[in-house]
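Just the one chain here, laid out as structure tokens, in the form predicted on its own.
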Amino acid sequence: MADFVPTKNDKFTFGLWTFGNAGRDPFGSEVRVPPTPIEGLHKLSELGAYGVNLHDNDLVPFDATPAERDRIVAEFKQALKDTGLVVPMATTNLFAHPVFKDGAFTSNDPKVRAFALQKTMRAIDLGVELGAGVYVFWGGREGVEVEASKDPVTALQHFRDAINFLTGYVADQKYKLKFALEPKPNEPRGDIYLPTTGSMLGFIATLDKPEMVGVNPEYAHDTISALNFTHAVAQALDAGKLFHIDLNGQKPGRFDQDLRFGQEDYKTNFFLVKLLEDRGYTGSRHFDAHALRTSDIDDVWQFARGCMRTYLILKEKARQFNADPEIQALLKEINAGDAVIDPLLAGKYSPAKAASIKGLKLDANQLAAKPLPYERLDQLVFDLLLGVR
């Protein structure tokens, strides 16, 4: 039996805001004193994590002086060196300060939009200084409650202008940095622009430098709206745009819970991990989650350990699935190809293919009668996950 102890080769990362969450919610104040960023680095390294990610103000307070900023960053860089952790991703907090109450890049006020760009450029500089190769944009305030307050086409134009400006800035600075746009349907705004992975992919195609921009889908964000997160990740992989991923737990239809990865739907998490592993995803496995409000600091570290352990267990289950002779035989039966037809369906259109397909003798009733033993397959998956195979 595997011990499921993570190593840095697993590329597990946590945000400073995750273990640093003090347990505050809209109905209650903090319940624990979180570790400092440097304390967190040492503990995560001890647990086998690969790295940490951060918003600018997770590390440097919003109103820090330049001297304070330099001291904080120098101490953090030394802690990274001491622990062997890395910073694969960075982002900007464009949602907490009241200045962003009606958006950052999509604010109606040009001064707010300029301030958002200014803050982001400085945060990009910080991220690159710490070694980040991916920069995430979550537009948490980029939306509306009052539809009449913003023209949605204009808002998207503002958002496009901001991303185009920032990709230009990165290119001008010669930074080796890619952007990842993070979708969410709602919360904290009533409606957030570009709410799904598909809408983000469509938007990316309109940018000046689309090759620099991908997506950062989050499990909880899709699950809130009862979408299939694994399918969203598959679309991003197929487009070559899965630049980063946020893993956590979530019950459909609830508020954004950011639960421990694997706390809820084990089967969904299994197929997600299987997809990432089977398709050779090489990026970080980032846990954008929080320990429960009932947790003390010791339980926070159990939460972090649990996120990583769950992923490794599901990775092993994916290996077992791929090696299970009964499951694989059933999949081979279900996915049996046709030596004549498969070449006609593969690749691009041609007049010859069209003529061949039009001339095929296909019996719809015979095709409809083909057995599809999906019940048996699903039960085999259940048995595998519950450990009775």
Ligand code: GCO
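Keep in mind that this is a model prediction, so the values were computed, not measured. Quick note: we count residues from 1 along the sequence shown, nothing fancier.
Although it is not shown, the form predicted in complex with this ligand is what the next lines describe.
- This chain appears without its partner; in the predicted bound form, the one residue of 303, 311, 138, 105 with a heavy atom within 4.5 Å of this ligand is 138.
- In terms of contact with this ligand in the predicted bound form, the residue from 265, 125, 256, 277 that brings a heavy atom within 4.5 Å is 256.
- Although the partner is absent here, residue 158 lies well away from this ligand in the predicted bound form, with no heavy atom inside 4.5 Å.
- A residue is said to contact a partner when one of its heavy atoms sits within 4.5 Å of a partner heavy atom; residue 218 meets this definition for this ligand in the predicted bound form.
- Remark: residue 271 does not count among the residues lining this ligand in the predicted bound form, judged by a heavy atom distance of 4.5 Å or less.
- Taking non-hydrogen atoms only, residue 184 approaches this ligand to within 4.5 angstroms in the predicted bound form.
- Comparing 125-133, 112-120, 88-96, 303-311 against this ligand in the predicted bound form, the single stretch with non-hydrogen atoms within 4.5 angstroms of it is 88-96.
- In this stretch, 323-356, not one residue has a heavy atom within 4.5 Å of this ligand in the predicted bound form; the partner itself is omitted from this view.
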